[in-house]
Each structure stands twice: as C-alpha cells, then as structure tokens.
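Only one chain is included here, represented as structure tokens and corresponding to the form predicted alone.
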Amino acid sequence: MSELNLTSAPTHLRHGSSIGQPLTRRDGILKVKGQATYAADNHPPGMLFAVMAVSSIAHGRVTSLDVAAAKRHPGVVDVMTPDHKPRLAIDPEIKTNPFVFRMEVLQSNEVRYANQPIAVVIAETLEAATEGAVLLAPRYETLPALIGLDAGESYVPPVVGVGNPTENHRGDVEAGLASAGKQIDSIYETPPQYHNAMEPHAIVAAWNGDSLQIDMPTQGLMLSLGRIAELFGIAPDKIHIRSPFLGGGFGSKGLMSGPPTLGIMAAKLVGKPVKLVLRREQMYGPVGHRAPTRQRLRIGADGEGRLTALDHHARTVSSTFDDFYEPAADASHTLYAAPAIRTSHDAVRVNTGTPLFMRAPGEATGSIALESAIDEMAWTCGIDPLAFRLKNYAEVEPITGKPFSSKALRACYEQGAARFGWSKRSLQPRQMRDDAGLLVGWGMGTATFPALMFQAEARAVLRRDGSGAMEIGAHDMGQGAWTALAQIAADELGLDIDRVEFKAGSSDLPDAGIAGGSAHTATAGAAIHSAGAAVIAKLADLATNDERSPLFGAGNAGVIARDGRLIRRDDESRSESYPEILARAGVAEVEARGTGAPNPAAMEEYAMHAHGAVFAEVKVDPELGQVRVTRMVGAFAAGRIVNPHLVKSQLFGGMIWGMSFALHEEAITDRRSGRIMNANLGEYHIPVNADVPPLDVITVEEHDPHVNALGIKGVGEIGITGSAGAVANAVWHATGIRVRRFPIKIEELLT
C-alpha cells in the first residue's frame, strides 16, 4: 500500500481556526496523481482472482453446474459451489442484531433473485476466472417470479427503516379531511434505484493461519469486522481491515454483504490471497438498492389555505427472504403543521435482492411525493407555493410536538427565493416561455433530514516536538472526511493543521461508528472534540502543577490551547509551549481518549433536523416534450459549517441526485424473467455533465446548540430531499401536466 501522506501544509492559511476554513482536500493530490490506494489496487504476493457466477433467473434453483469444464480451463485453480466451500461458524441466515441482513454465500442451490451469486471461480488471472465462470453453464428449475408493487398480498411490516413505527398519527385525519374546503387525493410512484458508486464493491482477502488481512471499501469498519468475526468464528483482534479510500458508497457499503464474504471464503478455500471485484452489472442485486414505492397523499386545507389534515400512506417491497422497508411516509412527520397527520406503510414481497439504505432512505422517496402534493394543494387553493409553505410550515415537529430550528427553515425559504427571483413567477402553469418558444417552469421543494449522531471514540496525542496526532477509524467515501475531521482535530489540539498527523481508515484505530445517516462528521467530530479536550487537560495538569512553569497555579482560572501553547485564561501574557511543558516533565508525549455520543436529554426535549429549500427552473419543448433543467438554487441550514468547500460539494451532489430522481433514474425489471434490463451505466440513466445546470448553494447561518457539542449537522443527504420535488413541480408549472410517476418521461408530457 502506498504511504498515505495527510500531513502536508494546507493550501489556505488558517486565521485563528481551522474549522470554517475552505481548505482543499488533504487527499486530493493523491487522487489526482493516481496514488490513492483503493481496495482493488492491492496485490499481495501469490494473489489469485475470483469471479462470481450469478443467476440468470429470479426464482427457482440451480440444478447443475459444469464444474469440470470450468476447472479444465487453463489458469483456473478451483470452483467454489454450495457443495464445495469452507464451512461458516454460524448460519448467515441468522440475524444477530438489527444491522445484520441475510446474504447469499452458497449455502444452498436455491435462487431467490436475479444476479444472486451461485458459484465463484478462482484463477491465476482475471481473464481465466471470468472465462471459467462462463463455462459453468448453469441449468435451472425455474419458478414464477414475484415482481412489482402488486406482486402479492400486502401486509403491514412490524417496523420500517431502522426500527421506526409503521404508523404514526396525531389528531383525527378523517374529520380534518371532511372539514376541509379544498382537498386532493393523489397517488405517486417511485421506481427501484440502484447504487452506482464509481468504485464497485471489492475485496482483497489474505489468511495467515487464523488471522485475516482485508482490503475492502466499507462505510462501517467495526460493523464489518464484527460480522466477519462471527461468520468465520475468529476473534475480532485477529482481523485487520484497511479502507483508507472509498470511491462512493451511498449506503451500499455500510453493512457486510455477500460478495465480500465470498471473497474471504475463496481465500480460505485455496489458502492464498484472493481478490474479488464486482462487475457493474453484478451490483444490481446482492448489495442493496432503493425499493420502489406507491404513495397516496390525501391533504385538506381550509378557506384560508391552512392545512386541516395530511394522510400519507406508502407501499413498498422487501425481498422474499429478509426485511427492509423504505420508510417513505415518514417524510411527512417533520415539515407541515396540519392539526391531524397520519403516516402509514404496507409492503409486498418480491424476488429481489433485499432493499437497503440508499442516500436519504425514506426521505428521498417520500419527499418527492409530499412536495409534489403540497404544490398541488397550493395551486388548488389558488395560493403561490412558497406562500402556502410559509403559511403551513411547522414551528415544532408535528407528530411529537418537540421544538426544532423552524426559524432556520423560514430563512431558507426567504433567502433561496430572493436569490432565485421567485417573486416573478406566474401562479398559473404554462404561462412562461423563453425567446426560443420553450415552455419555462419554476418549482420549489422543502428539504429536510434528521440531524443524527452515533457513538465513536478517538485517541489524541501531543508530542515533545510540538506536533500532534489524532487517530480514529473514520471513513472517507468522497465527502472529505480526511480534511474536515483533521480541521476539527487541529482546533481541538490547538495546533495548525499541518502539525497534526491524522490517521483514519483502518480497523485497528478507535471505532468511529458508521459513515451513514449524514452523521459521520458530527459523530467522529464529537469524539475528536472530546479526545482533544482530554489530552489538553493532561498537558495542563503537567504545567499548572509544576512550580517552574509560568502556568503554575492556573488550575482554577483555566488555560486556553492555541498555536501550540497553553495560555492562562485570565492573563494571556503567561503562556508556555507544548514542547517546553513536555521536556520539563521528562515525557515524550501525552495521550488521551475521548468519546462522542448523542445527548439523551437533548434528544428527549428537542427534534433534531437540518432544513433547506430548493428552487428549480426547467425548459420544456412544447412539441417534443423534452425537459432540461436550466437553473437550481438551494438554501440549506445545516448547523456549523466545518469546511465550506466540502459542504457545497455535498449539497451540489445531492441536488444533482434530486434532479436525477425526478427525470432520469430508474431500474427496469423484465416482468417475465425478473431480471434488471438496464443493469449498466449505459442504460441506467443518470445525469451527465451536459444535463447538469448552473447550481447555486446558500449556506444559511444557523447555531443549534442542542444537536451536539460542535453544533454540526450533516449535509450528505438533505440536498436530494427538496431538489427532486422542485424539479417535478417546475415541470408541472411549465406544462400544466402533473406527472405522478417518476422519473418524468417524455410520453407523459405528450399525452
């Protein structure tokens, strides 16, 4: 592995604080020069290549594999099948905790979905393994596949998302609808979507006796380590996972799945290091996806345009063998102040890989339906969509009644609208055209995402040479964690960032929790904050208890850590450098650990959310129905901004994905075979450069002292939630056609 140099001088000099500075990525040079080592870049001596053979049917069983033909192929070393594989310590069907999902690792010949792994060919070269997999020529006994939202009898799942109640309500919804002067009753559908990170899932696994060295992309080092330990029956301290860089994750790399497990099994079978990398089309199945939904929204409003009731029901799917339910209706919990609200879910089982977390799970699918329905309700009432939202936005969380940062949401509405020029919008649709005769539409959507936080630990060190170190098993999947967390570390240690060695991305470092739920910076940052305070306290003890120090006796007054010195809080003329304190104490370094975790009292009293508002302009050819997004403005309040460059990059990415959700992205299932028909980046449509308009992001100033000690909220997912609805509403405003099945297609606008 190439050395990871993350101690180089910053491009921008800090002025009193690293937090808040727009520093460029500390790992950027490595990535630009091709020196960043991703999992599949590792080649230990004697390494073999593994390739999965996957099912071409969605339901049935494998009746035969031509293993002999594959083994005869030059270069093939072995073929792993249900009849020839290492034994696991536990049944992978057993769910040992809420973050364990069942996986297909050749435990039987049963086929439960298309693209399910059915064998693994191990060879001396990638080409030989690939050719060997083709030679297996599987035969099947095929059964009818369950496909789509109407595949079978629906049922009410016990929970949705991660333990969320299936139904929530407040007030009498039916009475609220009955008393409404205006009502809408609309059904919206969203398609299945699949993770398409630049870096596919990959693993390089090497056994040394009962010890295991792994290189793999993961958003959850410790979750993966724990799952591997229980599957293979070895102690966690016998496993080392390296994951310094991830080429994107979006939730699909958060939990241990079948393919990397098969890579570890293959290495155990042949007694040599093995690399297994998924081909692009193989990612459509065994590593999770966003489930389709059908959502019914019934909304009522009185004569003044105030909501009287909101009923949001969502149907989704799960696999035939496991349980994950997209919590789409939960998007209606947090935004609008209807006196009566009900959210509910049901589901059907289909022959698919188990749906899992995908960027803004629940909020992305739910908000495009909710924001489209709110827009429709505003027009039904004859009120401008922004004015309608300002009239009805919640000042406390509607379901729980807990206060949240509603003033920040109002500021997002106002600043975003001003920047976009919303006041010039016509109320009626199909009234605006450009000089070329294209229909012009303006739409908006409200953005929201919970301000989550998990548990983490960090280790801080101060050294006699005046440098420091911060160690935490954090994950950088492209969001800039190497940089943002190092900025927090520098401030907590009272050092310039170029004097701080930042270590992350390895399972032998303190547990940083999971990089998910837009919570990683807050979670890992809180642990870094705590560790920094603890190590400064140790250093202060050395100085304030030493009669030779100018800080002697300053214990009650306290000290400040700044620029590599401890300074008396009540007399800044009295200070001492870190090297002076450590040299006189005769120690090379001091170290301390710190933890970060949510504050239960604050969570009990307050609702934690980030907010935003997105405004979009589209142009539509009135004869061809072609849609192009031409402008987007997003205003987001997301607490304390650690690095403006990184934050805007994340918000841009979310807005682009929202546009993709509304206009491009859809996995198409062949209803005869159950196979994904567009399992590639040529036909699975996502925006390219030519599709992306000028984007403008406003970060609205917000100080929320309740979310965590640093006041940080996540920005990785909130950008999707307002953007998809804004684009959909802009298309309606341009054309007068309300499309309720996404993505919006040309044929919908021509009929």
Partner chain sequence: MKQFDYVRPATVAEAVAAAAQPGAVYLAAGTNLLDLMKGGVSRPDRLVDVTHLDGLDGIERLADGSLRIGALVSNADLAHDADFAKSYPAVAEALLSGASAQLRNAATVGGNLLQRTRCAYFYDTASRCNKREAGSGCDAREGENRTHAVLGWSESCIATHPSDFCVPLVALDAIVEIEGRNGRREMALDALHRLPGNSPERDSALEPGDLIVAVRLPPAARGFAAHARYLKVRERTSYAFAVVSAAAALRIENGKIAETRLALGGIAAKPWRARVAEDVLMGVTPTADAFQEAAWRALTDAKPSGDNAFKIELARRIVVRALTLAAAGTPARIPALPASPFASTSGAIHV
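Just so we're clear, the structure is a prediction, and the values are computed from it rather than from any experiment. Numbering follows the first chain given and starts at 1.
There is another form of the same protein, the form predicted in complex with the partner chain; it is not shown, and what comes next is about it.
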With the partner absent here, would Lys95, Lys268 and Arg459 each sit within 4.5 Å of the partner chain in the predicted complex, counting heavy atoms only? no
So in the predicted complex, does Ala690 come within 4.5 Å of the partner chain, heavy atom to heavy atom? yes
Is there a heavy atom of Asp150 lying 4.5 Å or less from a heavy atom of the partner chain in the predicted complex? no
Is it the case that Gly682, even though its partner is missing from this view, gets within 4.5 Å of the partner chain in the predicted complex, heavy atoms only? yes
Is the gap between Val134 and the partner chain in the predicted complex 4.5 Å or less for some heavy atom pair? yes
Which residue among Met198, Ala601, Ala235, Leu624 has a heavy atom within 4.5 angstroms of the partner chain in the predicted complex? Leu624
Only one of Met677, Val159, Ala418, Ile560 gets a heavy atom within 4.5 Å of the partner chain in the predicted complex. Which one? Met677
Which one of these stretches, 237-245, 449-457, 626-634, 189-197, sits within 4.5 Å of the partner chain in the predicted complex when only heavy atoms are counted? 626-634
Heavy atoms within 4.5 Å of the partner chain in the predicted complex is the criterion; list the residues of 722-750 that meet it. Lys745, Ile746, Glu747, Leu750
